[in-house]
Structure formats: structure tokens, C-alpha cells
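Next up is one chain by itself, shown in C-alpha cells, the form predicted alone.
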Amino acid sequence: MIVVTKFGGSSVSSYERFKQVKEIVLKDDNRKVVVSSAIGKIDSSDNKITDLLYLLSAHVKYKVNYDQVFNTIKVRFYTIKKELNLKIDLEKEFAEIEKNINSEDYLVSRGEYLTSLMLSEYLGFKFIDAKDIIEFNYDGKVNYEKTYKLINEKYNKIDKIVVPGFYGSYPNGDIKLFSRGGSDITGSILARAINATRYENFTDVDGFYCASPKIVDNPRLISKITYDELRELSYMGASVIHEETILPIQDLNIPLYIKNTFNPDGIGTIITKDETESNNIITGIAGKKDFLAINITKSKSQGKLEIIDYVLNVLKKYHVPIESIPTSIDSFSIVVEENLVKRNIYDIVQDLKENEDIIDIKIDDGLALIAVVGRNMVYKPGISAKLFSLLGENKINIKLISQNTSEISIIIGVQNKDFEKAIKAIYNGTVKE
């Protein structure tokens, strides 16, 4: 058995947390591959090292004195080194960082790099730099074939390793970052490459909940969930792990365990490809605020497909991804994230008006999207009607609704001001009942 175990930033935020991590890793000899995020917050008043590194990069870019920010970063690492009596030469490492301080991806990656160096020494595992085993193409996408080969070449020679998450490198050796939360993807890639028995992701919560604990009091913990359900919930704001985490491992059906570093014996959440038995109609509810709908009315003489194609090409020109396209016979809406069109919305509208078959354009902003997810909804008639009824009873106006034929999720659009109220109403009327 080989277990890949990833620890989030909160799990390695202090020397006490390092000790907890060591206890977890050494408790199971099958935990042979460890992936670490950068040092996280100790408490709510603290800063993540990655945030400080981005701030440091901004100071460098705009030629602002960065000594104070850099010193704050150094102190966090020196404190852990001292308390754990580590031998790592941090002075040498920080001197090297300062020599390459103008490269943002390199600079920001040093959080994971240094944290993993210290963790590897503390665990007695071999350190392998992610830049040597995770290769990106120059278009920014992971070269999986090359990456899996590099991982196996390294791992076949070593029994137990620590790898920093969040980054890899281009073929020329330059550092390339994943998007934020990308350490989860690093662990998933390693699990796939070595065909791990399971992939564990230790964080600061007990697992996935049916709804956000910030909105719903004491929501039910999801003990088992499928990859597809997880991806839907992660994408729509359930931010326990990165939504792309499952992509490398799902074909091999490597189970993903979400565990709490501070409650390691808790049940957690298990994610697998297979549909596990469950009587729950709704698995989870998640959502995000601040969307915008571009409402298009077309000429009755023009086909809808041609107009939608025209609108999508305009949005493609401005690099705006699409969330949803609700339609009716002579009109449709394009739902996008508000922050992605803020600067260009007037230019986009002007471009759309150049098509004479578009007879009206209206912008509806301040929308929130809520995903109601459940693999068993397809077997239960009347779920949409139930949701309509619950929201109506709570005087919440539905702005849009979208559902594909797989029926794994129903997307409901409401006004931002009704977001929390809508999630509570859905949870209390379906999951809690």
C-alpha cells in the first residue's frame, strides 16, 4: 500500500502543528508520500506565507521598500526551525530567494519549497523538488505524460518523500505556479502517477458539509460523495479542496479522503468514482455571489443558434468564461462572473449592438448562483417543484434556473441579498427534514 498525504497551510502554520503532522504521518507506515502547502495562518489575525510572498512581489514590482515584509516572512520560518531544532540553512535559502526576487512565480513558490524542506528534515523523508517532477507545457497546461514519467523515475529509487505543492516548471526550468489551492492538485498528480492506494487531504475541517457552516448552523457532514458531486460543489464555492483535484485520480478510482489535522480520527469525507449507497436525495448545497446576466432579445426572423454563437464570440474576444445560458424562444441570457466583465461591459454591449438581429440588451447584476447537488435527485420526482415552493414560502424571487439531463445538480439564481436566506431555506426544507 502507498498513501499520498497532503497537508494544507493551517496544518503546518507553527512548530506545534509540525508535531501534529509528524504524529499523523508516522502513525501509518503506508504514508510514504507527503505533499505540503506553505505555512498558513496560526489564527485569524495572522497572514498566510503565500499572501505575504505575493505582497513582497508587489513591493518589488512597484519599487517599494520590502524589508519589513521580507523580515516577517523570515521570522515565521526561523521560529519553526529553532523550536524544532532543524539544521536547514535558511540564511543560504533566503539569500538565493533575494537573488531571484524579481520572478513572481519563483518567489511565491518559495513558501511551499521552504515549508517542505523543513518538513522533510523533521519527518526524516527525502525532499524532492516539485520543479523536477511536475512539468508544464509553455501554454501553461501540465504535461501529464512527462510528469508521470518523471515522478516514477524519482520515486522508484526512494521509499518516503516530501514534495512541495502548488508549482512545477516549464521545460526550460522556470517555475510555474498552479492557481491558488493548487497544492491539492499536486497531491492528486502524485497519487495518479504511482497508483496510490488512497489520497488523503488533511485540512482544518472535518470534511465536506451539506452546506457552509458559515451560513447554516451545524450542517450535516457528508461521509461519502462521488467525484462528480464533489466537482460540482467545489466549483460552486465549497472551497475545502480545489475543484480540479479529482481529475488525475478519478479514472483509476483512487479514493480521496478529506481529513482534519486537528481531529485525525474523525470520520471525514470519502470521495470515490462509484455511487455509494445513500438515502439522501440532496448531497450538498453550495453557491457564489456576484454574477451578472446579459439578457438578449433577438429578432424573430433570426435563428437562436446564430445569435448565441455571435454573442459567445464577442465574450471570447474579451476572455470571459460562461457560467450558464438559460433560453426561451426569442431571448436568452448569458450568465458570467461580474468581476470578469466590470471593466469591459460597455465595450461588450457596444460590440453586441453591432448585430442588427439583436433588438434588445439588458444587464441584470447582483446575482447569486446556488447549486443543489445530489446523485439521487434523478430518482426523485418533484425536486425542482420543491425548491420553487421553499423559496416562494420564504419570499425569495428566483431569477433563473438551470438543470441538465443528468440531474446531478440544479442551479438556481437569486439576488445577492437573498443568498444566505435561500441556502438556509433549501437546507432546512430538504436536507434537514
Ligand code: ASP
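The shown structure was predicted, so the numbers you read here are calculated from the model rather than taken from an experiment. Residue positions are given as counts along the sequence shown, with the first one as 1.
The form predicted in complex with the named molecule is left out here; the points below concern that form.
Original post:
What is the one choice in 181, 255, 264, 326 with a heavy atom within 4.5 Å of the named molecule in the predicted complex?
Top reply: It is 181 that has a heavy atom within 4.5 Å of the partner.
**OP:** Check, residue by residue, if 208, 229 and 283 all come within 4.5 Å of the named molecule in the predicted complex, counting heavy atoms only.
**Re:** Verified in the predicted complex; spot residues all out of contact, no.
**OP:** Pick the stretch from 182 to 190, 154 to 162, 229 to 237, 332 to 340 whose residues have a heavy atom within 4.5 Å of the named molecule in the predicted complex.
**Re:** Single hit among the candidates: 182 to 190.
Original post:
Does the named molecule come within 4.5 Å of any heavy atom of residue 50 in the predicted complex?
Top reply: Yes, residue 50 sits close enough to the named molecule in the predicted complex that at least one of its heavy atoms falls within 4.5 Å.
Original post:
Applying a 4.5 Å heavy atom distance criterion, does residue 166 contact the named molecule in the predicted complex?
Top reply: Yes, residue 166 lies within 4.5 Å of the named molecule in the predicted complex.
Original post:
Is residue 38 close to the named molecule in the predicted complex, meaning a heavy atom pair under 4.5 Å apart or at it?
Top reply: Output for residue 38 is yes: heavy atoms within 4.5 Å of the named molecule.
Original post:
Mind listing which residues of 100 to 124 have a heavy atom within 4.5 Å of the named molecule in the predicted complex?
Top reply: Only 112 sits within 4.5 Å of the partner.
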